[in-house]
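Only one chain is given next, in structure tokens, and it is the form predicted alone.
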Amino acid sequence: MVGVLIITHGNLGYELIQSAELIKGRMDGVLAISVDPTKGVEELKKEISSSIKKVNKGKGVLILTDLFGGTPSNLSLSFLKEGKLEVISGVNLPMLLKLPDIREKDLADFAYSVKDYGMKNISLASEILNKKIGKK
């Protein structure tokens, strides 16, 4: 099972996990780290390193961050290691809901599936409704 670590600004990661668990039930091997201004960079790196060890069950770890270029993403990139640890930015609830269905894939396939599912579930309501009624 691929481990998952959600690193975000504030409590977004914790809230996403709680929301996903309301819908899908308990999510094993998933942890969140909150990046806030009271924590120093070295403290955050130690927390990330420790959490990676906790969720890594031998099939790799996927880190999900909220915003590419933000502190959570920048810190995560320092842990990037091909075949062992991958990073996706732009975490959303559909990504978390997909996790239990595909956890046994290898890290690369798992990461692509999570990214694709998250992107496919971003919708513009008027575009969908216009397609249903035949408007362009």
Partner chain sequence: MNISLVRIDDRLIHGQILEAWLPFIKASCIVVADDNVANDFFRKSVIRMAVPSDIEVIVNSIEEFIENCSHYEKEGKKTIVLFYDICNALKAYNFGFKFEKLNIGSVQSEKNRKFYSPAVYLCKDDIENLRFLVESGVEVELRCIPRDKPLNFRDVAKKAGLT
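Keep in mind it's a predicted model, so treat the numbers as computed, not measured. Positions refer to the first chain, counted from 1.
Below, we refer to the form predicted together with the partner chain, which is not included among the displayed structures.
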| remark: Here the chain appears without its partner; judged in the model of the complex, the stretch of 107 to 115, 48 to 56, 94 to 102, 65 to 73 with heavy atoms within 4.5 Å of the partner chain is 65 to 73
| request: State yes or no: in the model of the complex, is some non-hydrogen atom of K39 no more than 4.5 angstroms from a non-hydrogen atom of the partner chain? | output: yes
| Would L44 count as touching the partner chain in the model of the complex under a 4.5 Å heavy atom rule? | yes
| field | Interface membership of V61, the partner chain in the model of the complex, 4.5 Å heavy atom rule | value | no
| Taking the partner chain in the model of the complex, which residues of 76 to 91 have any heavy atom within 4.5 Å of it? | L77, L80
